[in-house]
Structure formats: structure tokens, C-alpha cells
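Take a look at this single chain, the form predicted alone, given in C-alpha cells.
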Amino acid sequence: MSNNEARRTANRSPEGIETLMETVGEQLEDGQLPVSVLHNEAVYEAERRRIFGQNWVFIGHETEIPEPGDYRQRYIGTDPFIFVRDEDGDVQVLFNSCRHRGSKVCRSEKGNSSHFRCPYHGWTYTTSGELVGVPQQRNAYQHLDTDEHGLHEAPRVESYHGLVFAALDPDVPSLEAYLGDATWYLDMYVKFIDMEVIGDPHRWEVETDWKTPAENFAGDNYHIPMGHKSAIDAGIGSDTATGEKQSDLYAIADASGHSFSLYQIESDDPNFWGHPPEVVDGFHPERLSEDQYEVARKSGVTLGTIFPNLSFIHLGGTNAPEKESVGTFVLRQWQPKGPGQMEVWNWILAPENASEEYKERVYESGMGTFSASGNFEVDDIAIWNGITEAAGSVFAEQQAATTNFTMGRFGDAAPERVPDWPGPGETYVHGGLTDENQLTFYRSWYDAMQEEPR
């Protein structure tokens, strides 16, 4: 079957997915990806089970639910869960569906409650999921064993220094094993610095497949001079982006299937993403190796993607050129909402030890750069929407159209492997001129799509 025929078959039926994935595997080796996978009903349905049903997925940060009874609504793929701290202080991830008729027992996006009561018939559950209230139980449900009818829990829930993940598959490896080499880099953000979420996560829907921004944050720094030219010309953004500080960009590909980009500023002066000394004094160098500390000290902007759909960016940013830059850490989750559709979830975090004034400036910087109305955000979304439109077109299907990930592959290209880089992963200098990070993301996606749902 030709690539064109495979793609048409996959668009028409779930059975065609296997044939399409064979084509994807062959083309990825050549640095190509069928563009149709970015807007395809059958691919989307397969992803719900193979990607989001069988991998660790980010749920939230522990500081979002500091007190017993604090809760938030969250999703694993498209499945609804309650992220809650129970009365014993433990974090729970409970399926948001009554054991009686299946209705959602939690309707508010956030709050504090000692119980969740279903609005349909009033079945009531504790914050750890036990069923403790059944109206007219003595008359109608004497046979019911309430111990057997608590809210379902996510099969696996683990936290990595405040980042809470959950998995629908009980047989996934531990979270730390899943993160693997990525922990070397994550430690610089969540182990070195005690972070807290500022405000609520912002959410907005976008006509874009969730994989497009995940790929972008995995390492597409090639788009910055073109895609964000107007914001950079206006003096908004990091010192490295505006040229005030010179840096080397390192691309970290295949850190256990996850990817990172690090702008390193060679200077005796510490940089630490733009955090001032009074804030850095509250960080924890004793929790890092000497190599990790040195990379953190030189860091300007750093970003990356934890497969499948959690990305982040840490930058010394500002929302106006006349304002002083502050270190701003933003977590981003690309929630699937349908073929070619997603919802962006955006958390802004600041060091816990920082002053309230500093945290407010961090929040303003996050709002002005990477949020619904952020200068860099609107640049990206306007571009990403066009990809989705083309990916779902008949013409792209007829032409077996592919996207190109061959940048930096051949002998005359600038990127070079860095054999003595202190951290794990495949490291390239001139990292904005290689597609290896994006290929890491799609190889992880391809491998996960090969796994039959369990």
C-alpha cells in the first residue's frame, strides 16, 4: 500500500492506524512526518488510549492544594479527575464520576470541601473517595457495601518535588524511572528552587493539535527570529532573545524520551534565569551536583517538553521594555480536545522564598509573555492554527504531504555533538539549528502508539 493509500485508509477507519503507523516509522527515520497525523480522527482516538492511557500525565503542582480539602478539577487526556488533598494531608487523584449513575460529583473548578456530593441523587464521598452517604439507604440500599463503592482512584499517583503525575495504567514504571535522564535537568527547576504556583492556571482553547506545541517546546528554537520578531524588536522577552546577552544554545535530545533547550551565558557573573541575588540566596545548591549548579548558574532561557504533553519555559522576562526582568517559570500543558483541537493550561510559578512584590512581577511577566494575551503566545497560536488547517485538508491527503525534520543532519550543518557535556542526553551546540529534539518527541510518540492498549 502506498503512503497515500495508507493515509486515506487511516482517515476513514481506526483499523487503518496500524498501516499508517508503519508509514510513520519509516518516514521518521528520514526526518519526515505525515502532516495528517496532526488532524486525524482515528489518530486522536488511538492517542487517548495509547498515549494518555499508558503514560504518566501531569496533574498539577502540590502548592495548588496546600490545605486538607483543597481540590482542583484535572484531566488525564480527556478523562475527568479530582486533584484533592484529603483530610490526612495526602494527595489523591479521584475519578470524577459517581459510582451510582456516573455523574460528576465535583462541578467547581476549585475550592475547599470536606465532601463531594453528587447532584443527581446525593451520594456523598469523602476527600479520600470513601462513600459515606446514600440517601434512603435503609429503605432502598441495605444490600449495598459502601466500602466497595468509593470513587475510583487513578491507578498510579506520584510526585516529583511538587510536580504530581498520574497514570491510568497500573503497570507503568515508577515516575522517576519514567522521567529518567530528564531528572538531571528538572532538578534545576524544582529541586534547586522551592517553587509555588501563583494564581490559577489560565486556560484557552486553540484550533491546534496538542502535538504541535509539545514539539515546539521540545526544541524548535529555529522559529524565534521569524515567529517572534515583532516582540523581540519591541524589547520584550529575555536578554538573550533581545541580544543584550550573548549565549550558546544547547539542544538536549533523547533525555529518556524527553527534550530540553538551554541558553548558556558564558560569564563570571551568575545568571540563574534572571533571578536577582536576593532571590537566588534562597535556592538550594546543596541539592545539585557541581555540574548541575554550573549549568544553572549560566542559564538564560531554558525550555523543554516532558512527554507526552507537559512543557515549560524558564526565562528572565518582562511584559514591557521599561520594566526590569524577573526570573519567570511557566508550566504548560497541551490538553487534547479533539482532532486538531486542544486546550492550553498555563501555570506561572515563582520561588517560594521571594517577596510578594517579586512574585507579583513574575506573574505580570508570565501574563505578558506566555499566557492567553502574552506577546509570544499570540505569535505562536496564529502560526500553529495554519498547520492544523493544512493537516486536515484533502489536498494534503492526496499529496501524502509531510513535514520536514532534517535540519542539521548533514555534514555542512552547524550543529555539533558535545561529547563532554556534563549532563545526560544527546547534546548539540548551535541547538537552534537541529531538529533532533523534535524528532525525540515524535519518536516517543511513535513508540507509544505502537503499544496496544492494555
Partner chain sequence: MNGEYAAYARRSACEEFLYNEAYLLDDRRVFEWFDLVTEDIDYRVPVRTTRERSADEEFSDQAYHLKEDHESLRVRIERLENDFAWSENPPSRTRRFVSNVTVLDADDDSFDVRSNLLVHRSHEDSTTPDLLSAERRDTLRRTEDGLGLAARLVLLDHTVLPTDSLSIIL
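All values derive from a computational prediction rather than experimental measurement. Residue numbers count along the first chain shown, from 1.
One more form of this protein exists, namely the form predicted in complex with the partner chain; it is left out here, but the text below deals with it.
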Legend entry - Heavy atom contact within 4.5 Å of the partner chain in the predicted complex, the stretch among 109-117, 281-289, 263-271, 297-305: 109-117
Legend entry - The unique member of Val91, Val172, Met367, Val190 whose heavy atoms fall within 4.5 Å of the partner chain in the predicted complex: Met367
Inset, instruction - Could you work out which of Asp254, Glu360, Glu153, Asp86 is the residue within 4.5 angstroms of the partner chain in the predicted complex, going by heavy atoms? - result: Glu360
Legend entry - Check all three, Ala234, Asn319 and Lys323, heavy atom within 4.5 Å of the partner chain in the predicted complex: yes
Legend entry - Partner contact for Asn375 in the predicted complex: the partner chain, 4.5 angstroms, heavy atom: yes
Inset, instruction - Using a 4.5 Å heavy atom cut-off, state whether Glu343 contacts the partner chain in the predicted complex. - result: yes
Legend entry - Any non-hydrogen atom of Pro336 within 4.5 angstroms of the partner chain in the predicted complex: no
Inset, instruction - May I ask you to check whether Gly199 falls inside a 4.5 Å heavy atom distance of the partner chain in the predicted complex? - result: yes
Inset, instruction - Quick one: name the residues from 378-393 with any non-hydrogen atom within 4.5 angstroms of the partner chain in the predicted complex. - result: Val378, Asp379, Ile381, Ala382, Ile383, Asn385
